[in-house]
Ligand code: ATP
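Take a look at this single chain in structure tokens; it is the form predicted alone.
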Amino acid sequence: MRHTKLMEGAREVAKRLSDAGHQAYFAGGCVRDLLLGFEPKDFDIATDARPEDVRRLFRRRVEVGAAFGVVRVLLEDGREYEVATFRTEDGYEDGRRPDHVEYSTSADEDVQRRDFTINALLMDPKTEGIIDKVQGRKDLEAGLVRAVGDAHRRFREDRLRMLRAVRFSARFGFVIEDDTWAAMKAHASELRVVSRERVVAELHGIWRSSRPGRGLMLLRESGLLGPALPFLAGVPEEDLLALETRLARLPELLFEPDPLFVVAWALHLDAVQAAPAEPWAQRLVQDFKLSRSLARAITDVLAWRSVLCAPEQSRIGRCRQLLIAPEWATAFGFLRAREGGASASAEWWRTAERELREHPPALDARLGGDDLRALGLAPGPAFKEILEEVELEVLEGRLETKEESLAWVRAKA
């Protein structure tokens, strides 16, 4: 088992707890990932130490979930670890958080409150021995996502767990166990009580996984798709199946998260033929709590949709405007996901990009508002049209200097 700097820091935190007479185990996703051969992105530590004990032992800390016994411990070099007190939970009136938390000294009790067996494994930091009270290791080996205990109860406690089951299936290629799947279908409509921010975070996790198309299939077949993305209600099944195929191409794009999310959202809106108008950007911000920059980027890509998908029917200057636009790489990723990297349109764009590099237009010949005012033209709606037409003429190679562009405007005035 590979020992990273992050893991060594977790050992240091656990050792300080155990030296003070407390139990301390690696818990949850880090244990799962270690057993699957993945490098954990974080380490959580479960302990019988109460929050006040953790505060005494660690000077640098942030209490991110004091009501739930969670303290984030910071080491001197900036590494962070969540230390959570063993606990039992009860009463989930909001379908997300427990109304009552009781601290425990039993690791056995603590794992029973967790979501899925593959996330309920503990590891002894000293021996690397696995403590498995829920047959989680067996489910890991079988490739199963299974709720701990009664699946209906787990999902009533936290409806977001249904989306997490889909995310784990999409990430690892695991099958959702039959009883867990049946409970997801029974409670799917209850996802509507979960905040949009948390739903979006899980959707982004599904889209970043290695099997986002599988994720959409599970959302569709479980009944979670409508509550998660209401604007897809009424989309014909054949279009949703096409969307699954398009999402399955996302891992091929090798994008960083932000452009990947832009492409994924654009694909979903494209499935309902959503217009790239400003109200859609506003709706994404309001309904899904996306940042304004992300919503704008999504609608910017959709605004190029007709040019992207049918470049041979578009003016060459418009195509070249896209090639030099900041959103070009993301827009081309949208096209590759939508139609496939070997489509005729994708090949057309590759050729056009190569030709533009080999024969770059004289971009300095473009004009600005000050140039038009110097010609005596009054600012107004026509300004934008004139500047746009000059840029198209430049990109198509008919204007090569600013003087030629100014003369062109004088002749048109």
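Remember, it's a predicted structure, so these values are computed and weren't measured experimentally. Numbers for residues come from their place in the sequence shown, where the first is 1.
Below, we turn to the form predicted together with adenosine-5'-triphosphate (ATP), even though it does not appear here.
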Inset, instruction - Check each of R161, R146, H268, R338 and return the one that places a heavy atom within 4.5 angstroms of adenosine-5'-triphosphate (ATP) in the model of the complex. - result: R161
Legend entry - Option touching adenosine-5'-triphosphate (ATP), based on a heavy atom within 4.5 Å in the model of the complex, out of D44, D48, D53, D371: D44
Inset, instruction - Could you confirm whether G29 comes within 4.5 Å of adenosine-5'-triphosphate (ATP) in the model of the complex, counting heavy atoms only? - result: yes
Legend entry - is_contact(S314, adenosine-5'-triphosphate (ATP)) in the model of the complex, heavy atom dist at most 4.5 Å: no
Inset, instruction - Evaluate S104 for contact with adenosine-5'-triphosphate (ATP) in the model of the complex, applying a 4.5 angstroms cut-off between non-hydrogen atoms, and reply yes or no. - result: no
Legend entry - is_contact(D115, adenosine-5'-triphosphate (ATP)) in the model of the complex, heavy atom dist at most 4.5 Å: yes
Inset, instruction - Would you point out which of 31-39, 380-388, 355-363, 54-62 contains residues with a non-hydrogen atom within 4.5 Å of adenosine-5'-triphosphate (ATP) in the model of the complex? - result: 31-39
Legend entry - adenosine-5'-triphosphate (ATP) in the model of the complex - contacting residues of 116-139, heavy atom within 4.5 Å: N119
